[in-house]
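Below you will find one chain, with nothing else, as structure tokens; this is the form predicted alone, and questions on how it binds or moves follow later.
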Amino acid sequence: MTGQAKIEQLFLKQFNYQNAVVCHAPGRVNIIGDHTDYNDGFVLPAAINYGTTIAAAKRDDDIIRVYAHDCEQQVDQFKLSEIEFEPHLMWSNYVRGTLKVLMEHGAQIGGADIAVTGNVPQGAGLSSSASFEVAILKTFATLYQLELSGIVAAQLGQQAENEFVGCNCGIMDQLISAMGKDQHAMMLDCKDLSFEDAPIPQGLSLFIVNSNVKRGLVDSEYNLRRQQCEQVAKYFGVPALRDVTLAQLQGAQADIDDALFKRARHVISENIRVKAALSALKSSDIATLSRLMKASHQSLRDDFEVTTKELDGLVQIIDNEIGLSGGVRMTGGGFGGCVVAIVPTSMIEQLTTTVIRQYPLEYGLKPSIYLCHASQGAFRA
């Protein structure tokens, strides 16, 4: 059964009539460029063929009924005129918050019945929440014929997550979910939201492995890293580390605390690597991309100190297999989560066997493997 047939069947079973529209928004993986987004820097994500699919139909009142198939088949109901945070159904706050900011933006919408299903792995750092928000926005833009651009949709999704759900995320996740291009990654400038598509060369696949490390400390350590970056930007009298060069940072090394210096060095050097990775993809220079991804991981390990022994081990296992024919690094916030590799499609079977055999032997954890390709964003024509 296709994803569309499945969600239409779920809608019919739940609401006893046929839906009017089906909309989808992808999750994402960040190929290179971590902890640069909140420093006004550059990132290079790709939308992936895992995402959120919604079947919906208009109602003639202002009631929203939502059936969440993957959240223990829970149902929520609320009025658009009375949207409040729901502490007992956290998943519903993504719907509530997204519709609240959409209406604050001036959109004229009414009620709807909605069925939702998704296959973005929860807690793996592949952005299930942004996929959900963008799918809701695409659904209501379609149902109510709203003129909503992908960039505005991304901004609304980020606003909902920041202000209503209470997660201080950047805009990368929502923008790539809205505006990704099939078979391409995207270099996004987080300062002005300009972006450039980067083709993923033929014969290569995205190979994502979840370390399944329970992510402890991630919130407190993430906030600390943000504060450390802000301290260095303040020292230089600029809004963000995006505006500091490596030469400036190195010239001031004697005056900056060692930990702060290392944090800033990661961010500034990572921005350089992202731009170089865009060029490498455009020229199909996989050996250069491989070196850039390795340097990114080493910087996240040594300067930003957000990897774990398991993430380092997974990167090493994969790197030993692919060499310069592909690239591998940790991806996301760190302290657990996933590694991402760009690998020859012909090596996937061998890589899968190696990872499944070696990783549990060395670290006592079972990996989860996701074979992906770059896919189209929800608002990309």
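Counting begins at 1, following the sequence as shown. Note that the structure is a prediction, hence the values are computed from the model and not measured.
What comes next is about the form predicted in complex with ligand GLA, which does not appear here.
Student: Report yes if any heavy atom of residue 50 sits within 4.5 Å of a heavy atom of ligand GLA in the predicted bound form; otherwise report no.
Tutor: No.
Student: Would residue 169 count as a contact of ligand GLA in the predicted bound form, using a 4.5 angstroms cut-off between non-hydrogen atoms?
Tutor: Output for residue 169 is yes: heavy atoms within 4.5 Å of ligand GLA.
Student: Verify the contact flag for residue 37: yes if a non-hydrogen atom of it lies within 4.5 Å of a non-hydrogen atom of ligand GLA in the predicted bound form, no if not.
Tutor: Yes, residue 37 lies within 4.5 Å of ligand GLA in the predicted bound form.
Student: Residue-level contact is defined here as any heavy atom of the residue lying within 4.5 Å of ligand GLA in the predicted bound form; does residue 336 satisfy this criterion?
Tutor: No, residue 336 sits far enough from ligand GLA in the predicted bound form that none of its heavy atoms falls within 4.5 Å.
Student: Exactly one of 41, 326, 26, 332 has a non-hydrogen atom within 4.5 Å of ligand GLA in the predicted bound form; which residue is it?
Tutor: So the residue touching ligand GLA in the predicted bound form, by this definition, is 332.
Student: Just one of 236, 195, 222, 164 has a heavy atom within 4.5 angstroms of ligand GLA in the predicted bound form, so which one?
Tutor: Contact check passes for 222.
Student: Okay, which stretch from 61-69, 29-37, 315-323, 346-354 lines ligand GLA in the predicted bound form, with non-hydrogen atoms inside 4.5 Å?
Tutor: That would be stretch 29-37.
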